[in-house]
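First, one chain by itself in structure tokens, the form predicted alone.
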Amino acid sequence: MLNNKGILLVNLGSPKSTAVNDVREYLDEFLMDEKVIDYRWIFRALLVRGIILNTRPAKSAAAYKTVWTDQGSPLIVITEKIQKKLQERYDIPVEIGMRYAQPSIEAGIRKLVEQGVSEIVLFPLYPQYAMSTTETVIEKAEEVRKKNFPTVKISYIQPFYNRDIYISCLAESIREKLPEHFDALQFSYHGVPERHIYKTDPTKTCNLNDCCSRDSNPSHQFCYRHQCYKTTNDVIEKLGLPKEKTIVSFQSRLGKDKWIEPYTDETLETIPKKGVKTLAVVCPAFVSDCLETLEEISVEGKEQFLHAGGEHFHYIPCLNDEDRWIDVIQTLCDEKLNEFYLV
């Protein structure tokens, strides 16, 4: 029987409005997460509350205004569309929660519990594993569960960066949106500090040099950088593209610490000089379009590329609520739902 089962889709989150105070509140929760800025609390507070929150909210609020829709935040709106489509395929409840701001993970779990759910499949909507994404979602969900819902069982869907159903879905989505002629396809992933790669590697076998390209290495299941390159290589193979026509880069770095390279902004400024005049960009670390894709890449990134001598810039949207992506979500959820019967 499935009457005590439920599904919780978890995404990053968004400010509740474009007002500076709302953006400040959101950034405070987000950046004060020790999985995002992994300094000791006092140093994190000095950086975030002493510096960043005094300068960044107004700029971020202005950026959010350029992507905000009549329905609200693009990320929230798209996640709600995914929820609605997935709910149409299930007789069990499907809810959403955000790691930061509202609706919270706690609110999502509570909604499920109020509908009689005691076993939850929680789906972090991140293809690749990272300390600042999958890990912090699971940690927060477990904190909420132990404190408020100790009898509830949660099963977590693992990163799916290399699952063929996902790779095929992403490749087909890209294929349909690629311009007929292009010089390069750039895969821009959200960046993380280099130290995060080492911190999330319990095997201590990662060196951020040649191990990412090995067929197997104990650190691969925890290494965000490897998983990004694996996703890229598998998609390239599905598309039948030569590697020399593709680029991998990492965006959205914060502060002066060393982040994984190459950086997207620097790449956009240099590739026109290497003959790339028509560029297509996709952002496979995100499954839903958001500020980082709609503003940072398709607006700021486009300006950087064209200013550096590029001629044509084509942003390829995320999977969003495409039916083929809903198929993938359903398949992965079904696998976890079936596991409940094997325990």
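Numbers follow the displayed sequence, beginning with 1. All values derive from a computational prediction rather than experimental measurement.
The protein also exists as the form predicted together with a small molecule; that form is not presented, and the subsequent description refers to it.
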property	result
Touches the small molecule in the model of the complex: residue 77 (any heavy atom, 4.5 Å)	no
Exercise: residue 319 in contact with the small molecule in the model of the complex, heavy atom 4.5 Å	no
The small molecule contact at residue 130 in the model of the complex, heavy atom, 4.5 Å	yes
Residue 167, heavy atom within 4.5 angstroms of the small molecule in the model of the complex	no
Interface segment, criterion being heavy atoms within 4.5 Å of the small molecule in the model of the complex, picked from 168-176, 104-112, 88-96, 187-195	187-195
Contact at 122, 155 and 163 by the small molecule in the model of the complex, all three, heavy atom at most 4.5 Å	no
